[in-house]
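As a starting point, one isolated chain is supplied in structure tokens, in the form predicted alone.
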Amino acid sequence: MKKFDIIALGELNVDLLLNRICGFPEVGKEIFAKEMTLTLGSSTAIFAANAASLGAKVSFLGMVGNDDFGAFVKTSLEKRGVDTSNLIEVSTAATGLTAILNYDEDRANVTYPGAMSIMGVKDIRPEAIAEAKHVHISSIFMQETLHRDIYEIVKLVKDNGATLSMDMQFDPEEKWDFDYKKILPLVDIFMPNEQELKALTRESSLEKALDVVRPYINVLVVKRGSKGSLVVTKDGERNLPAMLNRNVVDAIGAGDSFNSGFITAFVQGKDLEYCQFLGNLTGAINTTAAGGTGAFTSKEAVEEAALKHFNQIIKL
């Protein structure tokens, strides 16, 4: 028996959200925001928190500064039921922060990566990985040192007996420097969205992108938003339509919530068909409340939302 079902390995930061802003920032001038919220940020943290709410035993392996924001991150994860014993605190960098300026349905973001940019393979204890059945890695391009060390990190995970899922997410520099021919054969479940997969393969259509990566994958899960999801193995592929919410509150974090449902089912030994179903469902449940974790306050709350909004029963 492993101590944890899942280790979430990836970026951690706080989000500083500014709302009701009086105009647009200009160099040399100052404006006011009438609302401010400080919350736990990062795609990997959304994944970890929501997987924990579904009943998985989740630990977070990430890096924060030895500062007030780092303490906030730690407390926020623990409140969501995520173990923080593998959290790495450093004095050489501050905790990462994203300042989000919200304007109606649009936003402007500025991110200071801080500590999350310096965590690499040298910081990851093999003993920690050995405690988990599964490791999930996310947001590769947001983490400079992890990106550089990604092959060695993947090897470390596999050498210590864990299964591995990966959601590389968007590359802000749009270089898509990811050696998928070398790395994907070691990844049990690769989880990009459709746009990311096409960008990675430099193909204009999903069909051509699939042809490019098919020789290297074990299981490929392509998130397609309102079109649902596609699971591809060497034996074939299965498209599952989305469960559409007609009254979307917020779609932020829907892909991370999909990942949390899929991987929680996977570590419980469910077949890929049910993993895909639960991924689609948790991605849809995400849209029923504000924020990436708003609908995932407890397993009971998730089960209630599944039944109320989508007439579905979760079997975990």
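We number the residues from 1 along the sequence you see. This is a predicted model, so every value here is computed, not measured.
Although it is not shown, the form predicted together with a small molecule is what the next lines describe.
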> With the partner removed from view, which of 245-253, 31-39, 52-60, 265-273 is the stretch that lies within 4.5 Å of the small molecule in the predicted complex, judged by heavy atom distances?
Replying inline: 245-253
> Is there a heavy atom of Gly261 no more than 4.5 Å from a heavy atom of the small molecule in the predicted complex?
Replying inline: no
> Does Lys223 reach the small molecule in the predicted complex, with heavy atoms at most 4.5 Å apart?
Replying inline: yes
>> Given that the small molecule is not shown alongside this chain, does Gly228 nevertheless sit within 4.5 Å of it in the predicted complex, heavy atom to heavy atom?
In response: yes
>> With a cut-off of 4.5 Å between heavy atoms, is Thr95 one of the residues that contacts the small molecule in the predicted complex?
In response: no
